[in-house]
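Encoded as structure tokens, the following chain is the form predicted alone, with no partner shown.
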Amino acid sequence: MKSFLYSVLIISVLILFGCQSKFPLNKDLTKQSYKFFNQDSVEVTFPGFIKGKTAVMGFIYTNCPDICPMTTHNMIITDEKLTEEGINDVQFILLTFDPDRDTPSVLKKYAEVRGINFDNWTLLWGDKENTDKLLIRFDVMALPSDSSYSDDGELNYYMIHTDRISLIDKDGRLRKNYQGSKVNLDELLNDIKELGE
């Protein structure tokens, strides 16, 4: 009997820690709401608008020359693979951390050029204060680097930022982070499917 109880205890511990290692985070994002505008300039509340859905969230700015397009591309491929498998209830979100340049209309063009389907994609724009507060919740850093002016006087700059895709469960909890530009797509797909069960 003692060995049976010991075996049950070991199996329980392995299951508990196994699940925690697969989804190492459990941060409740619903404790605070944030007002944003989507690509159509319609106000949305985050995380309220994703309630009841698994969500994949990327952090980008549209002038990014390398990491952000790759992050966006990886999210698009993930969406396509889920659609092929008949999974259509996942919400994809891109939040800009460059609100001065990435207006809702700029975000919409960014998405349209990439063939993004707005049925399950939302691009978010917010004022700097709200954006910064949400970035802090996700432990994402984004800072302007050296800047210059073009011949017509326009300010140009790139940003140093966290390379991030985040996975959010149906209860509005941040469960896992991935390196956005180099994410293992099979891992992300399997995690989305497991959370959606």
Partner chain sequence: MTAVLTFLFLFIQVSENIVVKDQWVRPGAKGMGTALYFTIENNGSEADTLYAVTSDISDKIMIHQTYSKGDMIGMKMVKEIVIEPGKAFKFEPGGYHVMVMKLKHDIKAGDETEFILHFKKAGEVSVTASVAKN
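Predicted model, so just to flag it, every value in this text is computed and none were measured. Numbering follows the first chain given and starts at 1.
Omitted here: the form predicted together with the partner chain. The next part is about that form.
Annotated contact segment (heavy atom within 4.5 Å of the partner chain in the predicted complex): 63-71, selected among 63-71, 22-30, 44-52, 125-133. Although the partner chain is omitted here, in the predicted complex all of 113, 141 and 158 have a heavy atom within 4.5 Å of it. Interface residue remark: residue 109 is counted as part of the site for the partner chain in the predicted complex, having a heavy atom within 4.5 Å. Interface residue remark: residue 38 is not counted as part of the site for the partner chain in the predicted complex, having no heavy atom within 4.5 Å. In the predicted complex, residue 80 approaches the partner chain with a heavy atom inside 4.5 Å.
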